[in-house]
Structure formats: structure tokens, C-alpha cells
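Just the one chain here, laid out as C-alpha cells, in the form predicted on its own.
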């Protein structure tokens, strides 16, 4: 799909574009209902902070830089994600969620994946004292309920997309299993080989993902991957809350501590938690079977494409 079609320049194109946006609106509505019914408190998003997600040393990260703003002599960062803020907020609120805008200045070649944007929104949530298994169960309930709620949505007929039929519980693999079966770049072939979403556990990622205390070098984190080649849907983890382990991981990974100085002032009071971030545009892309994730945004934010408005 071209950028012009995504913005609805012809009659048929406009109908399809409008159908995607109406589907997006109803996904947001059902998402709010789900988290409300599950006892979550909705927070307002943070756009600028004294600390933000480092997105490293995750080898899958490809951002050019984290955007900094000087405000009255203080260095602030545009949010890569609200993970650090969630960890602090969950000390007081046991179950919280946010529609969180993220800015990640991706390399222009990421446009070719069909999955990357440099500005997007996550359904970001965190649960105090939860395990990864409990979070994965919550996510499976969310998708099952969302599929039921959208069963009769007119967008699927307009777009020629299949009506969603999520059938959890879903298959669960370690990344080690997936690499042995599909190779180092396992995600695209594994996604194409499945007809339902699946879980991939144990990724070497940021300092706030908890390392398995019984298996050093393995991590208590998880990704949800869409089938049919649509790739990663959600990323989450049990969180590291022990101050000594957080500081040791930052030092081990060679991460400059300055952007996290404000966060590190509060780590003595962290509590165990687990959570995840679900990409809104990727979800609607999958539901609508859009060629590119930018096709579900009213104003495209695709790496390498000029911003028209």
C-alpha cells in the first residue's frame, strides 16, 4: 500500500482507511473496558522525563539516538517507553495501565519491515508482585475478549480481513528452542509458521528485566509474536527490583548511568512486579491485515518517510 492510499485519496482507499481508523477506535474502547474490569488504574502518560528506557543492550534495538530537550537548564528525555516510571508507580498502585506514546528514532531501513514506526503508542501495564506466567495469562484473556468483542465489526468485511479467532492458551518456546529450529533470526520464519500467536521466553535485554536466579544468563522475560509473518506484538518481563542487581547490570552492560540518575535515587523502594507493552498500531495492523503498520496511523510516522503534517 502506498502512502497516498493509506491516507485515503481515492473513494475506495478512503473507505479502507476509515475502516482501519474505526477499528483502531473500537480496539482502544475495548482495551479500556478490559483493564477497568480487571481492576487496573489508568494513568496519564509521561512524554518527557529525567530518565527513560535505554533500549539496550537489546540487540534488536536500532534507534539512532534518544532525543534530549533542555528545559530551564535540566536535561530531559523524550520517552522511549515508560518502563522506569511504571516501576516507580506500581509501588503505590498494584495494577496500572497507560496509553503511552513512545518516540524511537529508528534507522530508515526499518521502514522495510512493515512493523516499525518512529512514533507509536503502547498499551503499557504493570502488576505488583506478579509472575510472568500471570501476566501472560492476563494477555491471553485480553486477546480472547477482544476477539469476541470485535467479531461482528464491519471493518473486516470492508478490508477483506479474517474475523479474529484467538484460541489461547498459546504455544510457549524459549528463544534457544526457536534459534535451534529457525536460526539466529528466528522471528520472521517462526511467525510465518504459526496460525496463532505464540510466546517466546528468555531474551538478553535491558537491566530492568530480571535474571533467573536459578539459571544465571537466562531471563524472566517474554515476547508475544503474531502469526502469519506479522512479528512481535508485545514485550514484557518480570522486573529486577533489587538495587544492587540493578546497579551491577548497568555497570556490566556498560550503560552510562547519568540518564538514570533520577531513577536510581528511588530504587531502594522498588517492589517486585511484572508487566508488558503492547503496540497499538501493530495490533490494528494485524487485525486489519494492513501491509504496513503506518497504514493504521492517521498521520504516518514511518522511519525514513518525510513528515507531511
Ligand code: ASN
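The shown structure was predicted, so the numbers you read here are calculated from the model rather than taken from an experiment. Residue numbers count along the first chain shown, from 1.
Although it is not shown, the form predicted together with the ligand is what the next lines describe.
S.K.: I'd like to know whether residue 208 contacts the ligand in the predicted bound form, with contact meaning heavy atoms within 4.5 angstroms.
M.R.: Contact with the ligand, yes.
S.K.: Do residue 53 and the ligand share at least one heavy atom pair within 4.5 Å in the predicted bound form?
M.R.: Residue-level check for residue 53: yes, a contact with the ligand.
S.K.: Hey, in the predicted bound form, is residue 197 touching the ligand, heavy atoms inside 4.5 Å?
M.R.: Contact check for residue 197: no, nothing within 4.5 Å of the ligand in the predicted bound form.
S.K.: Decide whether residue 231 counts as a contact residue for the ligand in the predicted bound form under a heavy atom distance cut-off of 4.5 Å.
M.R.: Heavy-atom contact with the ligand at 4.5 Å: absent for residue 231.
S.K.: Looking at 239, 136, 116, 85, which has any heavy atom no more than 4.5 Å from the ligand in the predicted bound form?
M.R.: Looking at the other structure, the residue within range turns out to be 239.
S.K.: Among 276-284, 65-73, 243-251, 25-33, mark the stretch whose residues have heavy atoms within 4.5 Å of the ligand in the predicted bound form.
M.R.: Among the candidates, contact is made by 276-284.
S.K.: If we check the ligand in the predicted bound form, which of the residues in 292-306 reach within 4.5 angstroms of it by a non-hydrogen atom?
M.R.: Stretch hits: zero.
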